[in-house]
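Here we start with a single chain on its own, the form predicted on its own, put down as structure tokens.
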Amino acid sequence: MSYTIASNLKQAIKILKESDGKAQVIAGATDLFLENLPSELVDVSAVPEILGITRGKDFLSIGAGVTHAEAAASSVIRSEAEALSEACRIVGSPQVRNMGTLGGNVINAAPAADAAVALVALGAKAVLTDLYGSSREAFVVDLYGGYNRSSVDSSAEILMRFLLKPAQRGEGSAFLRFAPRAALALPLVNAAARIRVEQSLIKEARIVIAPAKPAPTRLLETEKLLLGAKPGLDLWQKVKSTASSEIEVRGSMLRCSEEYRCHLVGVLARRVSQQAVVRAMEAE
């Protein structure tokens, strides 16, 4: 097996082309298994083109090679995409956060990957480049190809960056997870929300939970319930009950029952929505 650290995008693409599909792109490699490894690994963690966080006029650009620790510490992400900052702050352990990347969190395609759940709630798009210089954009949720399976061929495409709308006036976002331990534990449920409030009424809402389906899943009925509503105790009780019954979740003898996970979906959907609304009202 060969392992190459690419110093720039051109070199990474050259290696992938010459490998004829046998090489695979990696970055932090915190989820790399020793079984079934490809014959060639191309480490792109030092490629400048996939690094950095930029606040543009209409969008926030976050390099796929940005680590969880960098995202969590970024004042730009904290102010413009707080849900992502909160998600990255609790991924794995300090060692994992210092090595693992946002791009890897998405490409690994775990159904409840914390950063991916936040990115989907924030409506983020991914920008990918193929071996011939052509780029394409896709919503993060569309990069999932099944349980723990990405639709991105890491021998033929490189995930470059994520694009998302920065928080506007009257917008707030939040992320929560429930797990057996504070670190190094898969969540029983995690949830993220992005909400816009105008004149004390909810005008836009995106609520995402996982794990339920192969990809982070929007609670569309719960979102409809929020639109045009005035925040209050009655609304939050309805959010909890609607979210709990809206989608099917899987139970497990090793982790938790279906009934308990449904309960957690309702609780976290309510709490994350409330937190996003509080932040939105503070930003009005």
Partner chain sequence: MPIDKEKGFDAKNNSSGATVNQGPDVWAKAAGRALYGIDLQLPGMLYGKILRSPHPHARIKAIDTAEADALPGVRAVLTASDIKKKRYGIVVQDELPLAYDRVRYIGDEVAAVAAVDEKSASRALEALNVEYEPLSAVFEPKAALAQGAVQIHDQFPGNIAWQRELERGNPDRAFKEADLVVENSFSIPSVHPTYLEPIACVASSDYPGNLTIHTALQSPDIVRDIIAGALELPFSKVRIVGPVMGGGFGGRVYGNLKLYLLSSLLSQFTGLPVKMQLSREEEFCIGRPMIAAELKIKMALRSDGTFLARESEIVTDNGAYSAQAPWVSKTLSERNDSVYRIPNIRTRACLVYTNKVPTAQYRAYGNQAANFACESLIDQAAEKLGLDPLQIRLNNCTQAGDTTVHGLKIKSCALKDCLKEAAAKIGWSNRNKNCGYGISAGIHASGSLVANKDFRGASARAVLELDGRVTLFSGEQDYGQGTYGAFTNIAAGVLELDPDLFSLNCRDSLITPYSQGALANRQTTIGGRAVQLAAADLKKLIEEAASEMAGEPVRMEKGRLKSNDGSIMELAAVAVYYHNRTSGLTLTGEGSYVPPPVEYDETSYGNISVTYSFAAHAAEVEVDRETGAFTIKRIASVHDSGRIINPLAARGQVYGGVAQGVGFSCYEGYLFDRGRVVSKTLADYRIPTALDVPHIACCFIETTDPEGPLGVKGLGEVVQVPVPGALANAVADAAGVRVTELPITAEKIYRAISKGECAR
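Small disclaimer: the values here were computed from a predicted structure and weren't measured. Positions refer to the first chain, counted from 1.
What follows is about the form predicted in complex with the partner chain, which we do not show.
Only one segment in the set 172-180, 103-111, 78-86, 190-198 has any non-hydrogen atom within 4.5 angstroms of the partner chain in the model of the complex, and it is 172-180. Just one of 259, 234, 221, 248 comes within 4.5 Å of the partner chain in the model of the complex, counting any heavy atom, and that one is 259. Annotation: in the model of the complex, residues 125, 136 and 161 none come within 4.5 Å of the partner chain through any heavy atom.
Residue contact with the partner chain in the model of the complex: residue 255 places a heavy atom within 4.5 Å of it. Within 4.5 Å of some heavy atom of the partner chain in the model of the complex lies at least one heavy atom of residue 267.
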